[in-house]
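Same chain, two forms, each on its own as structure tokens: structure 1, then structure 2.
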Structure 1
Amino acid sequence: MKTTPRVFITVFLILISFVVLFPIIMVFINSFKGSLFISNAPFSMPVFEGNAASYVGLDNYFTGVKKINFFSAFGYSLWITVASVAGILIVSSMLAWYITRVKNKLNSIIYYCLVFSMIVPFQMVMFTVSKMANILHLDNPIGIIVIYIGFGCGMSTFMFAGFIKSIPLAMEEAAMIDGATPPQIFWHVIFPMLKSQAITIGILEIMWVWNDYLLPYLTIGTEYKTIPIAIQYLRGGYGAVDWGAMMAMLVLAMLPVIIFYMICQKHIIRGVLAGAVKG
């Protein structure tokens, strides 16, 4: 009788996994089909022979890369994502350590403002942000990193602070007795302990920044196209869409995040378990 609930849970999780993976599988399959066949039979497998052959090989990939200048968009997306996530992790971890160890009203206000920023929809501030970005000359691939750091620090500081609270203060006091300065204590004692948490937060931030469409479109516009913006240009006039090229570019856009997630998966699980045990 004890195995029955386990079987039920296993079957249920398999079904949920299939529901999540099914759209990704369909995008991958359709990336090898002609646009007409994608529109008429999106759920069918590619046909390799005969009059109804729908398999086009890598033609969609070559067409998409050429149409949207994929490598240029990839470069902008990579730069913005790496720089933004690195900035978020450094700034938020330092801020979380400071407001956790230094107890005063100002730090409490900062902490709750960051928590409040997590629940404010971007749509409420997007026009204000785009206007301020223009005034402060942040509407470029370097300035947008500052904006991403501002938006990303709320959740990451909250997660880092919850973990830092569980670190014994005696470790920092021992380092201080040995003559370590506050920066040395943070970089040599605290930050190494945050490795799993940093990777977990980094994955979440990477998925957000890499796939974000609205903020880059409002701030840096079409002059510096990131991958989500570039893919939208596969939509032609009067609703015409090159579905084959779009599916191929969506596959290429998903690959870096999937590969990074697979490489860092064990660290993500370790970070989640560490937070669950120590939080």
Structure 2
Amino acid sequence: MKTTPRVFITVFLILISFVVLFPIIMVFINSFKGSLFISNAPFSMPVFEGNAASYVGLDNYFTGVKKINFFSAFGYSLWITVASVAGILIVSSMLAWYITRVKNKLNSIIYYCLVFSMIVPFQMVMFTVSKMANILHLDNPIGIIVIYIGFGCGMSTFMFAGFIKSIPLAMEEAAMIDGATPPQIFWHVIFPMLKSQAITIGILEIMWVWNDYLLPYLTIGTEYKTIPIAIQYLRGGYGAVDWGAMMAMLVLAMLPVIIFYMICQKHIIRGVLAGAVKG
């Protein structure tokens, strides 16, 4: 009696899984087909022989990689993500510790400004930030790290602060009595305790920075292209798209994300749950 609905539910979930995976699989299959066959028959499998042969092997990958300079884009994306997230974690954990432990007006103003920044959409500041980056010479792969730290520190300081509040003061005070200076206390007592928080926050920030389009596009996009910018550049001037190269590049863009997901799945899911609590 009870097994019938169970089987039914499982079959249903398998169907949904197929629906969820279908777009990814489809892009993968199409990346081996000629451009014309992608736009004319996107749902058919590649044909290997005969007049209607649509299989082009890795051609799309070669043209795509060359066209948008994929490996340079990958390099910029990787560098910006790693450096920004590391910067955000260090800077915001220090800031969070300071503003939770030192209670004064200035610190609570800083705190509320940071919380406020979490709800402001990027369009509000996109023009002024890009001008600012230009004036201060932050419009390069190193300067953009400063901008990312500034943007990312709102959420991460908020999340770190929430956790630090729950750490009893006694440990820090004991360390202080033993003659430790605040930097020593921070690095040897506090920071090790923030480790799992840092992983969680780091994952949320990685997902944001890696996929971010508009910020890098407006600040460094004309000279240094990250993966999303490079992909968007495949759209030609008048809407002409090289669909073959596009499919191949979409596969290459998704690949690192999927690998990252396979490795850090547990942390990612935990990050999502922790990130949700902030609301």
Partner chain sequence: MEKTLKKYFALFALPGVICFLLAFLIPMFMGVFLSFCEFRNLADVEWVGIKNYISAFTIDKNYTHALWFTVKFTVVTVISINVLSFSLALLLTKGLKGTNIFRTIFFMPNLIGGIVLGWIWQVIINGVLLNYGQTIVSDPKYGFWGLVILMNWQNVGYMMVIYIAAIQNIPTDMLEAAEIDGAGYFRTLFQIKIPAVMPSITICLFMTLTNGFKLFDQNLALTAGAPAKQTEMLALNIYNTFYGRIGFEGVGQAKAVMFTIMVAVIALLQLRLTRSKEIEH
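What you see is a predicted model, and the numbers here were worked out from it, not measured in a lab. Residue positions are counted from 1 along structure 1's sequence. Rigid core (definition): largest C-alpha set, two forms, superposition within 1.5 Å.
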item: Structure that is the form predicted on its own (1 or 2); value: 1
item: Threshold 2 Å Cα movement between the two structures for residue 27, core superposed; value: yes
item: Core fit, then residue 64 C-alpha moves 2 Å or more between the two structures; value: yes
item: Is_shifted residue 247 between the two structures (CA, 2 Å cut-off, rigid core); value: yes
item: Displacement in Å of the C-alpha of residue 256 between the two structures, rigid core kept as reference; value: 2.9
item: Shift in Å of the C-alpha at residue 36 between the two structures after core superposition; value: 4.3
